[in-house]
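Single chain ahead, by itself, as structure tokens, in the form predicted alone.
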């Protein structure tokens, strides 16, 4: 990602909104670590985002979009270029229509902006008596991050509910795409890098509000029982290997509770690296590498991070 260098003054003149210069990314990360981004800009609508991306491309300045920071790790050295935060219209939710055909059970379409929090959407759908997203209760990320990572839990994945999306490419061009064409796999989609999700439409099933609430309550209680929800983390740190569990492997390797600096393998769930309060990104990265080495030595399995490590190490 190119550095701003001499373009900082030009960007300041071009952008009419607020720019956070050399601001720590820890404020945008659930791990609460990370060095400064050269510039952080919030955009409120598609027109603003289009204008900004085109300007950055024309000036050869790198950029990336960060959602609610629940699945990222930013190095202590920070990030070059511009970090874009989706605000305003990107956090909206809208009920579109009912879709009933003789071949299909009744479905209801709900559109959410990429910057909308997944728990906010789960709550909205619950109040609308719409079922399908209950598994997302307690997952703190944005809709954009959830779809790019094909977020899932309890055997469900968000990609299976996506009817269609609105995308923007690295040139600022906007186009719709069907959910079935996004190429969802375990914890990822198959769209090119720098493809921006603007909004997503979900196909949900009408149900009993009491049953939906009961399911959400069950999943929330399971999270509180089995995961360190009260501690600073990025969620599950490693992807599960095929037909196995990263948490099981880490625990069997005797690593539960292991700490480096302020970073620690959770005593509650071994696939969570938590910030005990004073961790640096280097502490977390070092602990990640120790876990990978120990698990590989014991089981011959190389654990792959589920957390996105931004800006290099």
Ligand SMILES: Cc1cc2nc3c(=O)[nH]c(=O)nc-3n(C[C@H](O)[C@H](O)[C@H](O)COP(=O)(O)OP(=O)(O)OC[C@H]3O[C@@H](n4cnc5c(N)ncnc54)[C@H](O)[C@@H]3O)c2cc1C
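Source: prediction; values computed, not measured. Numbering follows the first chain given and starts at 1.
Separately, the form predicted in complex with this ligand exists; it is not shown, and the next lines address it.
- Among the residues 75, 132, 81, 138, the one placing a heavy atom within 4.5 Å of this ligand in the model of the complex is 138.
- Exactly one listed residue, out of 207, 179, 241, 152, brings a non-hydrogen atom to within 4.5 Å of this ligand in the model of the complex: 152.
- Mapping the unseen interface onto this chain, residue 288 falls outside it, with no heavy atom inside 4.5 Å of this ligand in the model of the complex.
- Contact annotation: residue 70 falls within 4.5 Å of this ligand in the model of the complex, judged by heavy atom distances.
- Heavy atoms of residue 195 reach within 4.5 Å of this ligand in the model of the complex, making it an interface residue.
- This ligand is not drawn, but in the model of the complex it has no heavy atom within 4.5 Å of residue 250.
- Comment: 187-195 is the region of 187-195, 210-218, 124-132, 169-177 lying near this ligand in the model of the complex, near meaning a non-hydrogen atom within 4.5 Å.
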